[in-house]
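To begin, one chain is listed below as structure tokens, in the form predicted on its own.
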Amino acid sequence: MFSKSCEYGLRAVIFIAQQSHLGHKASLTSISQAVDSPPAFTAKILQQLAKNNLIDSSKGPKGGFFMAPEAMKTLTLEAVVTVLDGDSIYTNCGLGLKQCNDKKPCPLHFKFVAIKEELKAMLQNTTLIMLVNDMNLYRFHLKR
């Protein structure tokens, strides 16, 4: 459903939030290893997230990527998806057809409408701090 860059970006943001919650900054190397993403690809994704103020970064020997506690409480997964993939996940045809809408639907159109609405609600209602707290309670992982 998500592009590769969005998948990696979501995992990276969750990892950065987790590290920030522990009081640590995350290096590019640690992020790419934690989410099993190529470093150069990860760098481009992180640059895009930082440019859109979803994550912060600092340079130097004690630098890295991080999130402020308040940002973790308010930043939703929808914001990350929107920056990396736009709204195509909510608007594009589930079968990839160019001409698909209520008037000219594909065979899956109306089934996908409900799925897209549920997905959008989940992304809008899930903050980074919620995921960090869940990761503290359960044994979730970010690698394939």
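A residue's number is simply how far along the shown sequence it sits, counting from 1. Between two forms, the rigid core is defined as the largest C-alpha subset superposing within 1.5 Å. These figures come from a predicted structure and were not determined experimentally.
The same protein has a further form, the form predicted in complex with a further copy of the same chain, not shown here; the description that follows concerns it.
Exactly one of the stretches 40-48, 54-62, 93-101, 25-33 approaches a further copy of the same chain in the model of the complex with heavy atoms within 4.5 Å, and it is 93-101. In the model of the complex, a further copy of the same chain sits within 4.5 Å of a heavy atom belonging to T126.
In the model of the complex, C106 approaches a further copy of the same chain with a heavy atom inside 4.5 Å. Within this chain, F66 is remote from the site of a further copy of the same chain in the model of the complex, having no heavy atom within 4.5 Å. Residue contact check for L119: one or more of its heavy atoms lie within 4.5 Å of a further copy of the same chain in the model of the complex. Along 111-135, residues K111, F112, I115, E118, L119, M122, T126, L131, M135 each place a heavy atom within 4.5 Å of a further copy of the same chain in the model of the complex. When the rigid core is held fixed, the Cα atom of K44 travels less than 2 angstroms between the shown form and the other one. Core-superposed comparison between the shown form and the other one: CA of K111 displaced by 2 Å or more. Note: the CA-CA distance for D36 and G96 expands in the model of the complex relative to this form, by 3 angstroms or more.
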